[in-house]
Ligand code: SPV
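First, one chain by itself: the form predicted alone, in structure tokens.
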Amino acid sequence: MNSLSKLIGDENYSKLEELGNPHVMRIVERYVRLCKPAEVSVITDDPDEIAYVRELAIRNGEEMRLRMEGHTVHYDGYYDQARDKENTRVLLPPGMRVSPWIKTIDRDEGLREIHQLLDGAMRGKEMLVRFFCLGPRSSRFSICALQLTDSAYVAHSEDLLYRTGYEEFKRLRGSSAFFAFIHSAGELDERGCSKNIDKRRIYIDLIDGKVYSVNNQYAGNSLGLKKLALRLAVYKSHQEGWLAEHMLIMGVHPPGKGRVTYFTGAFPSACGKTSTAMLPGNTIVGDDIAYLRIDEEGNARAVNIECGIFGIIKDVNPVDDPVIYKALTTPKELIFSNVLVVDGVPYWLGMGRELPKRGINHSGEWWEGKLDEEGNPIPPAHPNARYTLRLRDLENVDPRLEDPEGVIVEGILFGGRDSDTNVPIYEAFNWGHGVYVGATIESETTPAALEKVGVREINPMAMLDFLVIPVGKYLSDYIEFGRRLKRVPRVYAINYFLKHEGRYLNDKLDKKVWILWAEGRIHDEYDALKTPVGYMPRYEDLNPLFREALNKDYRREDYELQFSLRIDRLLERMRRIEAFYGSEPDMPEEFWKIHNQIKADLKALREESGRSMVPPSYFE
């Protein structure tokens, strides 16, 4: 009898054998022997087998049924509530270089450590062998993903977030061209939470296309197919000439025009990414990760590698987020995590209603005034509490979500949080300038993040945490991608957070007008003002858009204040860009050429106009 068959049983072995893939066989056998699970279940695309995983999560206490049909809740450990940046590291072989902000560990050393931690990590538990597809099935965009885990919650979450992949693995015809993810929650405490969080490790092996994760349950650390797989895809796309991006994909539907224009968009955390993807009147293809490739006609096409959302639930309420709120409060299969539960009903921060004074949350039994071991007040729900649901359960899901050819990208949005410098929207002059715009995204820290407010952090394409190749090479890849396009997307800088005398100059829904203007520019419906930083909207175009889209008047004085060039602030920003990129090797020459041209034009404008703040009327 085959040695693997003895380990996992004939039925499981026959499922693996049917794939005809010796690489899958070797990985499964190696980690069954290393992790030593009590039993193994190989799960195919069969709905009954997938339902088994969901029920297993309930049976072993990783999830608890809630009152509403299909709803469950999961709790991570009290100190396992977010991505562990310190212990997430790239395994670096000799001679390989990444940008200095990426945490690394010597590859041989890291592999030794992680395999020691995985040795026996699944004792007494069931290993689930899962197959998923990153992207639509039968698509040239997509990448197969093998997941080994002892957490039914992890596997159930992936069933909501990704397409089934067992049949996709058959199409590999024995190839090793897939990602592999090995996860164990490790030893569990009395609440079923990971116990040895001091030994929490998430290691990414770019060379071998694997992610190792142990002693954790929070999805950002344990669901390898999400941001951890993004790092693998960045490395793979660099080798192969496409782009793996931290981007939304949305269909913009201008009222009365009978067309849809697809945009992607990159925004750092708390800069408006989800609210943009969910703008009323438009459709969502994805809110997090996109793969972009060039088709035979020279178009940029994008797919959402996911088919679900793992979203922050804080502040989701019926006024600001009606589509998501409705999805969260009607029967369907979805998972809440780290919320307050009372009598089978979930509650979260900012949901628009008063919260109960007692219940169950991520700390166990909870009551108002409860303190943790350090004496800190425990909120009723965690600020990073989440929901996991399928995109198809949203009323505004785009009909091309599952299109294997993806959607043609005609516009790209790069947004940051900036209180005093950038205008609400401007268009880049060309693709190279657009790359510069994306590379120089800045985001200010908020009171929730640090005691010191307003510290600006440059975050190229909102990818700083995920760039496993040097940033200069990453930007060169972007520029080269554009050179290969026959139909180049237009690129826009977005800023929803401009202030004057302490108040925001934009209402929350004004972003709808900025996006509609960008969509109209793509179809040559609006002229624009040429300025040193890019093309800016004309008041005559924005005013009717405000009336049509938001049924409100747009005052000329508001326009003048919002779209004035704050030259001194812009030049200060350029000095920060020089400090950030100045010592980075392999930077494309085009980047510095564009930077220096904008800098010279701004100085000339200040000299010519005699002003440090130049209104848009100056350019008419």
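Everything numeric in this text was worked out from a predicted model, so none of it was measured. Quick note: we count residues from 1 along the sequence shown, nothing fancier.
Heads up, the form predicted together with sulfopyruvate (SPV) isn't pictured, but that's what we're talking about next.
* To do: Verify the flagged residues 511, 537 and 543 against sulfopyruvate (SPV) in the model of the complex: is each one within 4.5 Å by a non-hydrogen atom?
  => No: no residue has a heavy atom within 4.5 Å of the partner.
* Evaluate residue 249 for contact with sulfopyruvate (SPV) in the model of the complex, applying a 4.5 angstroms cut-off between non-hydrogen atoms, and reply yes or no. => No, residue 249 stays farther than 4.5 Å from sulfopyruvate (SPV) in the model of the complex.
* Might residue 192 be said to contact sulfopyruvate (SPV) in the model of the complex, defining contact as any heavy atom within 4.5 Å? -> Residue-level check for residue 192: no, no contact with sulfopyruvate (SPV).
* Should residue 227 be classed as touching sulfopyruvate (SPV) in the model of the complex when contacts are defined as heavy atoms within 4.5 Å? -> The answer is yes: residue 227 has a heavy atom within 4.5 Å of sulfopyruvate (SPV).
* Consider residue 220 of the chain shown here, and say whether it contacts sulfopyruvate (SPV) in the model of the complex, taking contact as heavy atoms within 4.5 Å. => Yes, contact at 4.5 Å.
* Among 288, 76, 519, 150, which has at least one heavy atom within 4.5 Å of sulfopyruvate (SPV) in the model of the complex? -> Comparing distances to sulfopyruvate (SPV) in the model of the complex, the residue within 4.5 Å is 288.
* **in the model of the complex, the residue from 293, 390, 490, 83 that sits within 4.5 Å of sulfopyruvate (SPV) by heavy atoms** => The option sitting close enough to the partner is 83.
* Asked: For the chain seen here without its partner, which of 179-187, 212-220, 543-551, 107-115 has a heavy atom within 4.5 Å of sulfopyruvate (SPV) in the model of the complex?
  -> Result of the contact check: 212-220.
* **Contacts with sulfopyruvate (SPV) in the model of the complex, stretch 371-398 (heavy atom within 4.5 Å)** => Sequence-ordered list has one entry, 386.
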